[in-house]
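The chain below stands alone, shown as structure tokens; this is the form predicted alone.
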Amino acid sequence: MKKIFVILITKILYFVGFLIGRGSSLPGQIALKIYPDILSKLVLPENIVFITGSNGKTTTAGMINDVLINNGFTVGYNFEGSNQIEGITTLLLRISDFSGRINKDALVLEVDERYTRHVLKYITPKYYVVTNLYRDQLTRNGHPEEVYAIIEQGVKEEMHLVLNTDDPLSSMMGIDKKNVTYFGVDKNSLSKENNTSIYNDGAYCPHCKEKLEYEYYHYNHIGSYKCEKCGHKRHDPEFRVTAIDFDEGNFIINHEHRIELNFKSFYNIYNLLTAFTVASLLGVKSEDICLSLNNYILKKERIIEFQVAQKKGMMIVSKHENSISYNQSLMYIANQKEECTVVILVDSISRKYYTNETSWLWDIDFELLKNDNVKRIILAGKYAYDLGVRFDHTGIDLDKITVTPDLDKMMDSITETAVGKIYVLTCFSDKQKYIDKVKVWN
């Protein structure tokens, strides 16, 4: 009777919250206070996928969900992004019947990397995906190796690990494990012999702390590595990108499965590869996966097209306090062949907690904008002068750069001085501040 009551209360609270536009975590929070073990009382489907990691988990979970639905699966998926135990509890109780049974073919759950251990006390996924582990929100998360240690606490032998073999830290989770599938990207025209980033988190082996040797780098510490002392290395992936053609906008998996790119980004390729890997493990045919992923359009909250001052623009939402997220966006802009203006907006750092710590700006490879096609750079928001100091060290012509904390003056600068297509880099916490000032047309 208690279980039925808690499920009913959660459904009612979710419905009320939906009507008034409130978040999806509160119903689960209340449910857990009333019945802390409620998750262990649910009857779950066999196919459960957890996706965690520093970057890409939201996008990848959405891709997996879409592929499964397109191929006849019924899916429970935390599409609202509530990826801690309270939000996941809300989802599961909302989609269960009053006996606690979830009548779905699969659950696809994005799980916050620091909170996976709490969910894993009650739910054991069939497939446990770790996309990558990078410097991310150091104020909140600490060092990536600390996050690795937290994730590893919840790993059980019966789980099938799905790991990025190109990341020396997250791939370490597969050491001495039998039930592991690796995915990765082979050497290609964009790979480099040396790490050209501001910092190198792949300098030392995360397993034994000896120096790592690299055959090539894709970006930052992602690439082909080997430790001569302990043997930790890039494993040959079962699912691999064997060719990339950014000019034509496609890539090939395992020499035969072509996926067309709507957004030509290295990062997007990793997300698509991860989704392909998981869908394959769940039994979807390769050709059907490609049909679902071809020209996959990233959710509007990630890539937003707009128009201002009779010019077209694109907002690329990048995670503050996460240099690799910014670097991928900068790489995308740098690879474009058109003249452009770049706006970098940092008006608040996080929507989850307050901090004015901006040392993470020094980890970002803003030097990528030292490009003849980049005609104007506008640094805006409360932390515009912090950005300005960082840009003083990039070697970019200062005549190209405008610094303005005032967002109305930012718009004036865009209207009066922008050249070519306008690219805006900002975070979830600030994106609406810009969107409200322009015409969004996608």
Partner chain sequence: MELRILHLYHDLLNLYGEVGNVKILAKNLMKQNIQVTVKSSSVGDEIEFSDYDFIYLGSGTEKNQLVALNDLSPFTNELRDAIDQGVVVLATGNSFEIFGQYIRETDGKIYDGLNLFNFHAERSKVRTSADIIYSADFLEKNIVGFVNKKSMAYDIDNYLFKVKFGVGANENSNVEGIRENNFFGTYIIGPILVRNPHFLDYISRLICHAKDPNFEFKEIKNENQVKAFETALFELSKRMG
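Numbering follows the first chain given and starts at 1. Only a predicted model underlies this, so the values are computations on that prediction, with no experimental measurement involved.
Omitted here: the form predicted in complex with the partner chain. The next part is about that form.
Remark: of stretches 110 to 118, 338 to 346, 138 to 146, 273 to 281, the one touching the partner chain in the model of the complex is 138 to 146 (heavy atom within 4.5 Å).
For the marked spot (N200, Y204 and H393), a heavy atom within 4.5 Å of the partner chain in the model of the complex is present in each of the three residues. Of the residues given (N103, N356, T196, N295), N356 alone sits with a heavy atom within 4.5 Å of the partner chain in the model of the complex. Listed residues F306, F263, Y216, W362 were compared with the partner chain in the model of the complex; W362 is the one with a heavy atom within 4.5 Å. Of the heavy atoms in K382, some are within 4.5 Å of the partner chain in the model of the complex. Although the partner is absent here, P45 is not a contact residue: none of its heavy atoms lies within 4.5 angstroms of the partner chain in the model of the complex. Although the partner is absent here, V403 lies within 4.5 Å of the partner chain in the model of the complex, judged by heavy atoms. Although the partner is absent here, V389 sits close enough that one of its heavy atoms falls within 4.5 Å of the partner chain in the model of the complex.
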